[in-house]
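This document opens with one chain alone, in structure tokens, the form predicted alone.
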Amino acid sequence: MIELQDATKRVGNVTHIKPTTLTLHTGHFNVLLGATGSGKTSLIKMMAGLDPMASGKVLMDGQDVTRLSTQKRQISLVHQFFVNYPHMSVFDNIASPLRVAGMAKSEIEGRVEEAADLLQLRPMLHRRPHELSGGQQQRTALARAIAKESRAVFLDEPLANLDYKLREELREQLPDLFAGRGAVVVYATSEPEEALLLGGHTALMEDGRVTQFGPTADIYRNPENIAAARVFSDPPINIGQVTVTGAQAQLAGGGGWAVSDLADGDYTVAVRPHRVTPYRTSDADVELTGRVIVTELSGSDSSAHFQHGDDAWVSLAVGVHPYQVGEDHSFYMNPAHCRYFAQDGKRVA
């Protein structure tokens, strides 16, 4: 278990990590999800002991490690770049931290071979990194982390520089690779889809702070605030302003529907792009008209960015649809999929 207690990080007069209290457990992936610059890498470096903290504490299994060096924290770190020793074989790269620890030769061989088998690297053990593909180099870095049997493993966007097929393969394997090893696994990513596929628990990050933390599926379904709703959506979540009067919600730009349990007043409404379609999905759907700005076709899905009032919205729908840029088009949204937020950004029932 890793505990952060009011941890902060500053560089000069700039605060990179605002006061953060967070508890990360073994037994599942702990995902840090946020856009580039949100603080994911800074948070990992603080937990790993690579960057000093301005204030607060880091505890590992109840032990205060705030002032301990990286080596004494017994951690492994895998970057998005392929960090291997170019003059060493794959075997020696995997074995390097075990030799530093003074482990017996027989135990080193056993651990290296076990990790190599897990990562399908046994035929490459005598090759040098320059003789490997990008995927094989990253597998070598992951094998080194597994063989070390660390207390904590930090994976900082480890699949970012791999091609699509390799990313898919390794993403599916990662939870099984680290299952049952007793390490706290922390995985940083900027892709919401990756967080959902990995499962476990997710900490949403924005501007150096954790905006929400909990089981990944729960956060996706029930964002506590508008910042969390924005982070956990790709394409971007649709945001609009509604005024509730007498149990009737009116969307700025057009479109209204009945609501219950909402007091009269102004709210921000959020709905994910796949809930806005160019066709009706139910009798309760509300029609939204907007001018199409951009269209995209991705595999079997079509997306349309359209202007609705003063807001830019996105529709993501299965199939190919005949959008014309610059023309008005009708889209449909079921209000049951809307999430409402007060003016301070916090979600309301």
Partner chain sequence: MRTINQKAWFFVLPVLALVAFNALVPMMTVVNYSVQETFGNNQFFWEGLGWFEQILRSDRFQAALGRQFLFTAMILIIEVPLGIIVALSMPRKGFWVPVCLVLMALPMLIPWNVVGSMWNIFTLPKIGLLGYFLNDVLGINYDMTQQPLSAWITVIVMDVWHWTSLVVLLCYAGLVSIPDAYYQAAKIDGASPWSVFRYIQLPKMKTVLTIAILLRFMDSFNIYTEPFVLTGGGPGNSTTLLSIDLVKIALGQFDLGPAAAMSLIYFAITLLVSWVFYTLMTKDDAE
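This one's a predicted model, so the numbers in the text were calculated from it and none came from an experiment. Numbering follows the first chain given and starts at 1.
Beyond what is shown, the protein has a form predicted in complex with the partner chain; the following relates to that form.
- By the criterion of a heavy atom within 4.5 Å, F178 is excluded from the residues contacting the partner chain in the predicted complex.
- Among heavy atoms of L50, some come within 4.5 Å of the partner chain in the predicted complex.
- The shortest heavy atom separation between N161 and the partner chain in the predicted complex exceeds 4.5 Å.
- The closest non-hydrogen atom of Q173 lies beyond 4.5 Å of the partner chain in the predicted complex.
- For the options H201, R272, K148, R151, the one in contact with the partner chain in the predicted complex, meaning a heavy atom within 4.5 Å, is K148.
- Just one of S233, N84, Q136, T189 comes within 4.5 Å of the partner chain in the predicted complex, counting any heavy atom, and that one is N84.
- With the partner chain omitted here, the record of contacts in the predicted complex names 97-105 of 97-105, 243-251, 223-231, 110-118, defined by a heavy atom within 4.5 Å.
- In the predicted complex, the partner chain lies within 4.5 angstroms of at least one heavy atom of each of the following residues of 111-133: R128, H130, E131, in sequence order.
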